[in-house]
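Heads up, the chain shows up twice below as structure tokens, two forms, tagged structure 1 and structure 2.
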Structure 1
């Protein structure tokens, strides 16, 4: 066992993922109550209300969070909800810019009135505390082309202490993320909070739901379920046309099958490893 070359396992994992990749078989997943609450909370917002959307992730977690992020942008803009974008992770703002530049025109939304990009703010917990206490003190300019934030009409209705913001949504990949938002903003100013998180952070969230957290889409599973809910009445994907949210959904559903194969492999490895262990222990 000691001289077993672990690269064989790497190879097995590679083969499983790449071979299942060619299957292209989407599978439906029933939404959990947590994902349903995430969806319902956004559905219940009145038109024209303002939401703060915080991008707290980076490329290393985009695989899990970007689909939910795109779907959330679609969901909010389709319901004519206005969005203030912030980020506590430095590598997140490019995703915000790309997402809104692509999605906002579909719903005829304009920068400055329907959405703003305030961008990254350094300082982790302190940054969140600063945003919560006073958005105007936290940011001097926007992140798009350094426009002073006093010139952004969307922010006219926003007061200090999160007044005017109906819901805070965090796309959270770890620290700083949803747990810090709950501590620095959710608890202090009683703003309802929603979140989409990476798998690693998902188990933590159960301890906050439903009193401190109104809903969450956890891991690739939650992302797939939420995408299904958002795309229910969207037209089906057309091959050869530019990628739509329905494509993202189908893609995520296909990913779940590959995921299943890889999980089976890991369970098999645990099983074989244990059998070998007990077998060799018995013979010693």
Structure 2
């Protein structure tokens, strides 16, 4: 098969993807221990607690991280948890603003008291260290309308060294991201940390759980499992109405089925390729 036309492989992949997209129905995925811990940590927070939510991603990783980001905002605001939103990637603020502008009104939350948008701060891991050491020194004004930090009621109880912040949550696509937050803030100030990451970064997290990390949602798989937990008893959008988080969950479930089928085909081809290699090697 040394002259096998690889286009047959592409055709096979196309057939698998189209077939699963057309025929398969979304099914529930059992949540992993790490995703369940992510969910449970937020559930255990007392109402009125303050959480720092950091957007450390850009459009290239939005497909993996944006569903978890939106679900986390729903989860926090639904439980009356107040949110300080920051960003260490310059392309993240448009996502953060759109997310809160769309979701906060659903729960009757007001800007300045229930959530604040501090925005992007340059400096990568150095900026993270500055935020951890003194949020008021790192930011002079907010990113929405340049309101001075001292005039935002939500920040009245926030002190230096992360005092007053119950949990730090990072939506991490790489550098700077969750590993830098652990080094710059988690290790210094002992604040619990949660994260959602892209697939390529997820394997690095197992060594940090459950000490430096209280829980994590890895890539599209973790996002789908977390969406299932958050969307219990949430209504589905009817025809003509905006998409709800339940619709996002169903879309993710369908994508996971397609991804699983494609991965199985790839594994089968790897197995066949290795068998052919050893058979031909032996015959020579």
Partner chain sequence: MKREIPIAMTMLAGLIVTAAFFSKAPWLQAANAELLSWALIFFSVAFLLGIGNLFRINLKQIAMRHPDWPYKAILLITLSGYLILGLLEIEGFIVYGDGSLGNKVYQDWIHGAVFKPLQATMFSLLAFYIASAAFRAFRARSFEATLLLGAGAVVMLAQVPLPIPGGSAIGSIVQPMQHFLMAFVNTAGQKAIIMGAALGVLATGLRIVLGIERSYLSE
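Here the structure is a predicted model, which is why all the values come from computation and not from measurement. Here, rigid core means the biggest group of C-alpha atoms that superpose within 1.5 Å across both forms. Numbering follows the first chain given and starts at 1.
The form predicted in complex with its partner chain is represented by structure 1; structure 2 is the other form.
Remark: the rigid domain rotation between the two structures, smaller part against larger, is 23°, computed from C-alpha superpositions.
Aligning the rigid core between the two structures leaves the CA of residue 16 offset by 5.4 Å.
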